[in-house]
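Heads up, the chain below is alone and in the form predicted alone; it's given as structure tokens.
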């Protein structure tokens, strides 16, 4: 791959030595949206778009970082560092910070990285940076850190050093991803199980709206607080409930006249989404793509009408696919208010449907969208 060659070549020019090469993928989430912070279930997969690291250990305490795509370099010392004003280095410095806090005795290192994960498309390039570097440093310094501990360390680096209170899904699938499989993650216990996604005649296609509405961050926090408010009221009658994960639809119905309509709908979406996810896993076990796709359409409807995190552009994209027999399922993906829809499309119809979608969106909204074809891949690995 050209990107790997470019990373390797830049590294050898800068440091004149042979590097270790590490591939760290982005991810998609097939179903299970806004369930992670409600201690529910998610169903992500690692993808073939990735960040590639060329890295070697040093004998001193200096860390040399070069971002190939930005043509930008930063260096810092293991025993003396602080957050960078440039932002991008913080995703990497934060990993070093967590390793130091955990008592791992590492030296400095030389590192060049670059990749083909589209920025801003919701494919989790940030987790690919964090978990990828954690994996690479574990490898070159022979630290012996187990995979789950790498996941937790990468998440903490984003929470504590970057200051983003992300859940654990992105780092988890980055490390645990498996070719031709999706991964059901229990966001409370961190138990996980693989389910086959090996449909040879179907492509995973992302239609990127290229829009990002300013509501996203404030409304995300608002949804979290609305779910918490619902749980607090339900706990008054059912003290065993600690999150929406513990609530059944029958239990929730008892509160229809006690919760506000907004809080009820937020809770209803999350409870039903967990049920949809388990049904989706059963569909995959039965190799039933039609049922799986139908559940994706249901998820989008819930996200749009009950959780209210969609937008006109996303709704339009999903609506366009509903009557196309070669599209098995479609829904918005990610936090909402812009970004991508994820679609399951017959291989033979990908080009025709993509052209139609882009043309209709340009006619309606004026902007140029983008199409990404995705394949499920392994998690972070040595090349």
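This is a predicted model, so every value here is computed, not measured. Residue numbers count along the first chain shown, from 1. Superpose the two forms; the largest set of C-alphas matching within 1.5 Å is the rigid core.
Heads up, the form predicted together with alpha-D-galactopyranose isn't pictured, but that's what we're talking about next.
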Quick one: is residue 338 in contact with alpha-D-galactopyranose in the predicted bound form, heavy atoms, 4.5 Å cut-off? no
Against alpha-D-galactopyranose in the predicted bound form, would residue 202 count as a contact residue? Criterion: heavy atoms within 4.5 Å. no
May I ask you to check whether residue 40 falls inside a 4.5 Å heavy atom distance of alpha-D-galactopyranose in the predicted bound form? no
Test of understanding: in the predicted bound form, would residue 220 fall inside 4.5 Å of alpha-D-galactopyranose by heavy atoms? yes
Exactly one listed stretch (316-324, 351-359, 53-61, 329-337) reaches within 4.5 angstroms of alpha-D-galactopyranose in the predicted bound form by non-hydrogen atoms, and it is 329-337
Using heavy atoms only and a 4.5 Å cut-off, determine which of 289, 166, 262, 143 is in contact with alpha-D-galactopyranose in the predicted bound form. 166
When the rigid core is used for the superposition, does residue 156 move between the shown form and the other one (threshold: C-alpha shift of 2 Å or more)? no
Please determine whether the C-alpha atom of residue 172 is displaced by 2 Å or more between the shown form and the other one following superposition on the rigid core. no
With both forms fitted on the core, give yes or no for whether the Cα of residue 335 moves by 2 angstroms or more between the shown form and the other one. yes
